[in-house]
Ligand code: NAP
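One chain follows as structure tokens, the form predicted on its own.
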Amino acid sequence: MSEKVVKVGLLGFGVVGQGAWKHLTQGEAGLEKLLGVRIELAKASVRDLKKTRDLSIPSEKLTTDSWEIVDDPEIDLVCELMGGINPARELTLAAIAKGKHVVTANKALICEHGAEIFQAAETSKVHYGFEASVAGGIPIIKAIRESLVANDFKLIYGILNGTSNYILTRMEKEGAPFDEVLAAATELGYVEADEALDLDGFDAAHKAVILAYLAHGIWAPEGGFPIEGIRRISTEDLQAAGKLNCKVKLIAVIRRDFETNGVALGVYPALVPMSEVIARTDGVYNGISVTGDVLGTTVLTGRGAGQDPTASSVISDVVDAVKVIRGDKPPPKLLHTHEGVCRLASPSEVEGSFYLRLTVEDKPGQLARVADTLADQGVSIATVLQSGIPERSAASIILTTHATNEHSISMAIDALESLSGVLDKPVLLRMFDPNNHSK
């Protein structure tokens, strides 16, 4: 860095990259006054130089070679906005090894290789900023690492995927079927090219893994906790939730039992009580509720995706990195101070109540057989509602359970799937209870 200039290179120049470039350019004078240095946008890497883009920049500032940016000794700060695992991992580690500070929005990379990258950044004493990787413009990472540092967190939960929230909101308000709303969301550009990221819970799971590490020092492997999506939710489920004074939301839940230090982590659609702010967070908005032992509960809501919200978080990390470069502050500690204290809770430790919808043959005694099958696995019924489906000569059974655990309900679902007279795969939703300390 020269005395008055910090040079920045962007790896990737898609929606977020162009947004960061645009707002850094527009805010250049204000940032210079704030920081006492000028941020110079040196270069951005792209796949195709000839591609038409919404933002026009000088051709000499574009390159198809990302290594040109990483290897440039004059570039002080690299913004990795390309996404994916490779080559983003290699480029990130190389930049860190060369003493460059790195800012990213790449949640998948952190989820899979966060431990390695965090260790590398601490070894090289550089800033690695990743606020934009979780919940777009909502400053949840900074809140957990800085503002709420005095707290141990017994519960963090919320909506971390705006696309699924948009779909569920429209289904609930308009009574529209899933496929129709999905088509509209796709046309609006809300759905990822790999739609499983949004619809099957994987995008929210990446973010939940990052939050679980920040809060509790554990890296949760894929397959180590429930990840479920919204594809099988029907308007019937949304209406039933309304009768229970709840809304169905795809939520990530991170809950710690302080006696056992078991952390229950999961991403799934759940019935959230209307008394919760998260239940009333609709459309493309994200919302995160954080409960600490010192602060109590605070809720942050806002746009969780899109060019401007994500660019806002990228620029926040750029500003922090510049302060490190200037020597105003040390790089933030990334490795959790209590790593190894907590563990992932086993399914049998994770308790709660459940909502279950079954489609069964419309014959006498079917409900009794369902009840007996659940009882065999230690699951008891709290409420039940049965209605006919004449066109299929079938019936819909909607029931809720008393408190049980994830292992027992999983065994019960397996048993129901093989039960004579059950026509479709059961639809299972959690009944979210903010006061349940184990789920």
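Just so you know, these numbers come straight off a predicted model, no measurement behind them. Heads up: residue numbers just count along the shown sequence, starting at 1.
There is another form of the same protein, the form predicted in complex with the named molecule; it is not shown, and what comes next is about it.
Mapping the unseen interface onto this chain, G14 counts among the residues with a heavy atom inside 4.5 Å of the named molecule in the model of the complex. Put simply, G217 is far from the named molecule in the model of the complex: not one heavy atom of it is within 4.5 Å.
Contact check for E122: no non-hydrogen atom falls within 4.5 Å of the named molecule in the model of the complex. In the model of the complex, the named molecule sits within 4.5 Å of a heavy atom belonging to M82. Remark: all three candidate residues (V46, G189 and E192) come within 4.5 Å of the named molecule in the model of the complex, counting heavy atoms only. Between the options P139, G262, P87, P332, the residue in contact with the named molecule in the model of the complex by a heavy atom within 4.5 angstroms is P87. Shown without its partner, this chain lists I254, A95, A105, A270 as candidates; in the model of the complex, only A105 has a non-hydrogen atom within 4.5 angstroms of the named molecule. Segments offered: 21-29, 6-14, 427-435, 413-421. Contacting the named molecule in the model of the complex at heavy atom distances within 4.5 Å is 6-14. Residues A305, G306, T310 are the members of 305-320 with a non-hydrogen atom no more than 4.5 angstroms from the named molecule in the model of the complex.
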